[in-house]
Structure formats: C-alpha cells, structure tokens
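Quick setup: one chain, the form predicted alone, written in structure tokens, and binding and motion questions come after.
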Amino acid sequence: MRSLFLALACLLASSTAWAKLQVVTTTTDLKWLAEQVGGDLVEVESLSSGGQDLHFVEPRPSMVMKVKRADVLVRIGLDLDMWADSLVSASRNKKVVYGAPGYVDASVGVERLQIPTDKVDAGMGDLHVFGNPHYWLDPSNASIIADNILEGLVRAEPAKEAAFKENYWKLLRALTEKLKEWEKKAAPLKGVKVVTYHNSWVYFAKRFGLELFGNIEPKPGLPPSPSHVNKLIAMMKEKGAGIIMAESYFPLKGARMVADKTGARLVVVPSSAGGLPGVRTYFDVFDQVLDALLDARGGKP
C-alpha cells in the first residue's frame, strides 16, 4: 500500500512539473510570439482572430473561461484591447489582473507615436490618449514585446527561466535576420506615398521609410464622408499618391472608389497573423505586406 502511495505521489509530482503554463493573449501576433518564447512549456490561446478589428472584439462566455484558466495574460495595451477588461473581471482570476505576476502589457518600453498633446474628446474619433496602439507593425518592436512576455513567463514559472531565455534568444536571432531581409526588400519603397484606410501604419511607415499621405477615414474610426473623400482624391491626383492600403476587415467600397478615381492601386493587407490566407505567423505579416506594396509599386526589386 505504501509503495502504491509513493508511486502515485511521484506520478502527481511529475505531472505537475511537466504541466504546461496556460497563456492567453489578446491577439494572434502576441500568441505567436508567446509560443516562440514559451516553446513546448506553454499552451497559448488568442482571444481574437487575425481577421478582426481589434478595437471591436466582442467578449464571449468562451473567452471568460479561457481567461479563467490562464496563468499569464498578454495584452497589446494602450487602450486598444480594453474589451479584455470585462473578461478579466468576469473570470475572477487574480493571477492576471493588472499588477499581478501573470499580467503582461506588451507595450511597456515601446517608443509610442502620435501621443495627443491636446485635450481628447469624442469628436476626434477613435483617438488613443496613450499614443497610437499599432506598435507591433514595426517589427523591430517584436524584441520589446518578446522581452515583456519573457518576464511574464518567468514570473509565473521561475524554475523554467533558463528554457524561456534560450527560446527568447533564438527568437531574437531569427528576428535580426528577418529585419535585415525586410530592410533590404523595402529599400525601393522609401519615400513612396501611401494612403491608408485607418491610421494603423505609422510605425510600419516610420520603420521602412514610406510617406503616409492620408487616410480614407476622416478621423480614426469614423466612416468616410463625401467631402473628405473628394478632398483626398484631389490631393492624391495633385501629389501623385499611387497606393492605398486597407486591412482585410475594413469595408472596401470607399477605398475602391478612391482607387478608381485616382488610378491608385488598392492593396488589401493583413495587420496580424491569420489576417489573410497563408499568413500564419507574425513574420508572415511583413513578408506579405512588403511583397504586396512592391507589387503595387510596379514590381519587386
């Protein structure tokens, strides 16, 4: 009987030691990065799909259960995924509330762009008081995101720090090589004038040297008005802006009309892993977007 008890105790201890850390992320890009840092020591689920507008993800009961089971919650932050607040509250999971060891704000340490300097009100559209939240679209920020994830995983599972760090450095080496590749590929795009549907691509444009000429939306989150569209068309014709970028989840009627009126090329792009068929990873996003822009410009280098 005693030997049976000892065997069961050893089995329980073994299963506990090898249990995977449960990680929940608010986006598919954070999911992929968390999987790279966590490796086979973590199980990661995303609360959103790559084809969703992250401003308007609808919380569901199934999401509450995911958060309830989580040891670590990784968020974009900067008020983009505020919808996750209700999920954390409903889950009553104290491990992932703000300030808890399992709470990870992936934006910590990122150089934020477009921080409002004036008072923000509803008439300014979907403006974020802490700065533009689309920072993951500069792939160089992936190292900061990964560092924040690493710290969160180590807080949750200190005994596995060495393994997490090994995975982290492997990711950074791969990222370094991809950044070199992307910079070389993007060289012909420097100075190219681009119109975007939503004000999502400021970090991307700064990284790769594109000139953001304007947005189809008159203000972030507001539908385009005829007067705004007509003014934009006139400016595009005058200045020669020949590319329009729109994420796959936005309505394309207005963007297509502007493209028809100006002769610009409309490029439908993913902003996250899973945003279009074949875009399975965070790295795939930049491969796809750069290839699409180069094609719209008139061919790859």
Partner chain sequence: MMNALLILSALLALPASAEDPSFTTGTMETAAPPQGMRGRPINLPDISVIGVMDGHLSDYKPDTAKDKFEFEEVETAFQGFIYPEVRADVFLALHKHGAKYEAELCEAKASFLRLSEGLAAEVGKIHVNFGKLNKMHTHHRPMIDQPPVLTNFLGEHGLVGQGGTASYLLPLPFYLQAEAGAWQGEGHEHEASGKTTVVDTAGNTVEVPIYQESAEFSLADKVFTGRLKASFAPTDKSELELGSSLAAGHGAHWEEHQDEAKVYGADLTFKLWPSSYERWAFQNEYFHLTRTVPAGRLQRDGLYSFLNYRWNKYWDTGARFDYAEGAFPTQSIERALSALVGYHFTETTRALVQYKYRRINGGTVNEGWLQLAFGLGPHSHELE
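Please read all numbers here as calculations on a predicted model, not as lab measurements. Numbering follows the first chain given and starts at 1.
Just so you know, the form predicted together with the partner chain exists too; it's not on screen, but the next bit is about it.
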Segment assignment from 226-234, 155-163, 187-195, 208-216: heavy atom within 4.5 Å of the partner chain in the model of the complex: 155-163
4.5 Å heavy atom contact, L41 and the partner chain in the model of the complex: no
Any non-hydrogen atom of E238 within 4.5 angstroms of the partner chain in the model of the complex: no
Q114, heavy atom within 4.5 angstroms of the partner chain in the model of the complex: no
Residue contact check: V88 to the partner chain in the model of the complex, 4.5 Å heavy atom: yes
Heavy atom within 4.5 Å of the partner chain in the model of the complex - qualifying residues of 159-182: E161, K165, Y168, W169, L172, L175, T176, L179, K180
